[in-house]
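Take a look at this single chain in structure tokens; it is the form predicted alone.
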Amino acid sequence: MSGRLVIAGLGPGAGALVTPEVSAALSEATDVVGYIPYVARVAPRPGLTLHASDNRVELDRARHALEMACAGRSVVVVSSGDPGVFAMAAAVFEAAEAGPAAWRALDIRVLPGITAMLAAAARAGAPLGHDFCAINLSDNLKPWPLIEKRLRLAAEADFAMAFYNPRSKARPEGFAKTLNILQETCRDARPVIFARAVSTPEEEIRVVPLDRCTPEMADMRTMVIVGASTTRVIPREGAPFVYTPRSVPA
């Protein structure tokens, strides 16, 4: 079978943060498949067809990519950040598992990218320096009670937490509920990082105590990182450094 499928991460936004491996895959592709704004980040060229689609059709997009690869095309499925973190890699493998045997025989590779969580943490310092977890706050693909359960357990376990998709126009109430749960469970002023549009010209980093956070501080372009109880803030001129020590007192 001559076709192949690459699932690639485009990083958080800046072209300099796209890995050379991903750039090479894009230069060899006949077709690029992905969500509309992510496909828009790929430069058109002769011999390349761009297939942009809505964000709510992940499995359809994955099937289309697998079909084209099976037909002998060199296909790249793009995601922002890392394709294995709340992105298209899982959708492609889900489609491959349920589809024809020929799909599972394809040459499929996942190329990692710099996810927004790591880019945001690096801008702030080292808030994920000890144990942490990542939670997608969108309830489009999982029920809100499950999100709430995981939030409470993560807070009780004293993880630092990174939140993807915190607040959209269609579901503004979810992040308000999240802050209420954290404020009730943690009962302290641990630092919360609001990192918006990291690595783009619109980048904005704010560090706010948990007890002063409000829902309006986040939108869908914001990565929110909540520190653990041990997370420290180093004041300085400009934005402070935020880090979580690697050691925990006995």
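The first residue of the shown sequence is 1; numbering continues from there. The shown structure was predicted, so the numbers you read here are calculated from the model rather than taken from an experiment.
Not on display, but discussed next: the form predicted together with a further copy of the same chain.
Contact with a further copy of the same chain in the predicted bound form, defined as a heavy atom within 4.5 Å, is made by all three of A87, E97 and F241. Of the heavy atoms in G113, some are within 4.5 Å of a further copy of the same chain in the predicted bound form. Within 4.5 Å of any heavy atom of a further copy of the same chain in the predicted bound form lies no heavy atom of S74. V18 belongs to the set of residues with a heavy atom inside 4.5 Å of a further copy of the same chain in the predicted bound form.
Taking non-hydrogen atoms only, A176 never approaches a further copy of the same chain to within 4.5 angstroms in the predicted bound form. Contacts with a further copy of the same chain in the predicted bound form, taken as any heavy atom within 4.5 Å, map within 131 to 149 to D131, F132, C133, A134, I135, N136, L141, K142, P143, L146, K149.
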